[in-house]
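This document opens with one chain alone, in structure tokens, the form predicted on its own.
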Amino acid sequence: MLIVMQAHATDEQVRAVCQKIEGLGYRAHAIPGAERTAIGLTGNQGEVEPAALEEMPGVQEVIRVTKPYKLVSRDIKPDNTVIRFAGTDATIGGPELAIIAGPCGIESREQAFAVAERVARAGAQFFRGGAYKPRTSPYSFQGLGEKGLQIMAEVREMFGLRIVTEAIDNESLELVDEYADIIQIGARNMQNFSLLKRAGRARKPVLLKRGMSATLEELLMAAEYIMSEGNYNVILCERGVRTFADHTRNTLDLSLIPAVQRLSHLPIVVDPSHGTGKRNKVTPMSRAAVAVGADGLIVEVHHQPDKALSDGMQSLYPDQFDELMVQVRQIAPVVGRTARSAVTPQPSAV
């Protein structure tokens, strides 16, 4: 159920409706919009009688929501969600494209700083890197753990980049929540519902990657798990699905972007690195992702990809990332977006 407040409804009236919902034994989710606040009601096992709510001061209407997902839907928030970060002008979901770049895994301080310096100079606002690596083989590089998180915290201090890194279980999520700016939930964990609920209780925005065989509805329902716990700062990510095709690692489904944007207010970014698995396809698919309306890109970059401990074959050289950014800046205005100019990074006290 969705309670739509009047445009001039006061904060006190919104709180009163939330308290009424909670008094009935349900959970209230107040989500401010550009023109009015909508309050989602969850926790009900059946229909809720609207009469107790629709006559309250400040309430415009009570709407029954028939979709299985509620909080992620444009029914509750018709305007796009824009995620902001304290101490920086970087956003995800706004007019400026969010560019997230960095190595697959954090291997050393020297490697992380070498890559961070180049992607920051090229115009990225976010630095990605894995401290915890869920790998197919138990003998593959598993990440540096907390040491990797500490290195990324130094990257943020030096270059002013916001940090995006993956949590693979409840234990690692506690540390990622402490160190990172965005908690990533990887494709393998998209339907790890206990982890999604824990991410929903975290303080940081969550980047949720589409599962390898997940439908659009399954992706939105996974986001609903996070939001139902009170964390409304969720970023969706298309990273390719597994198909019969063997000319790429995965099949990058760019049709998901307009489909998500029609149904949901949440921002969605594209990962062309995992989506293709091949370095020579990353830049072309990045161009296509921007053209189709994605809110940003998450790209793997390594200064020595031939020596990378994971995913070197899909990681761009820094010079290739520079060229990708040049092309993104040319395409962005065509679809009404902007892309950050190349900069000379300065040490930051953030």
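If you're wondering where the values come from, they're calculated on a predicted model, not measured in any experiment. The numbering used is simple: start at 1 and walk along the sequence shown.
One more form of this protein exists, namely the form predicted together with ligand PEP; it is left out here, but the text below deals with it.
Want to guess which of 93-101, 116-124, 181-189, 146-154 is within 4.5 Å of ligand PEP in the predicted complex, heavy atoms only?
The contacting stretch here is 181-189.
Does any heavy atom of residue 239 come within 4.5 Å of a heavy atom of ligand PEP in the predicted complex?
Within the cut-off, so yes.
Within 4.5 Å, heavy atoms only: does residue 204 come near ligand PEP in the predicted complex?
Residue 204 lies outside the contact set for ligand PEP.
Residue-level question: is residue 295 within 4.5 Å of ligand PEP in the predicted complex, judged on heavy atoms?
Heavy-atom contact with ligand PEP at 4.5 Å: absent for residue 295.
Heavy atom of residue 133 within 4.5 Å of ligand PEP in the predicted complex:
Residue 133 belongs to the contact set for ligand PEP.
Check all three, 29, 70 and 229, heavy atom within 4.5 Å of ligand PEP in the predicted complex
Answer is no for this spot.
For the heavy atom contacts within 4.5 Å of ligand PEP in the predicted complex, list the residues of 200-229 involved, in sequence order.
Heavy-atom contacts within 4.5 Å come from 209 alone.
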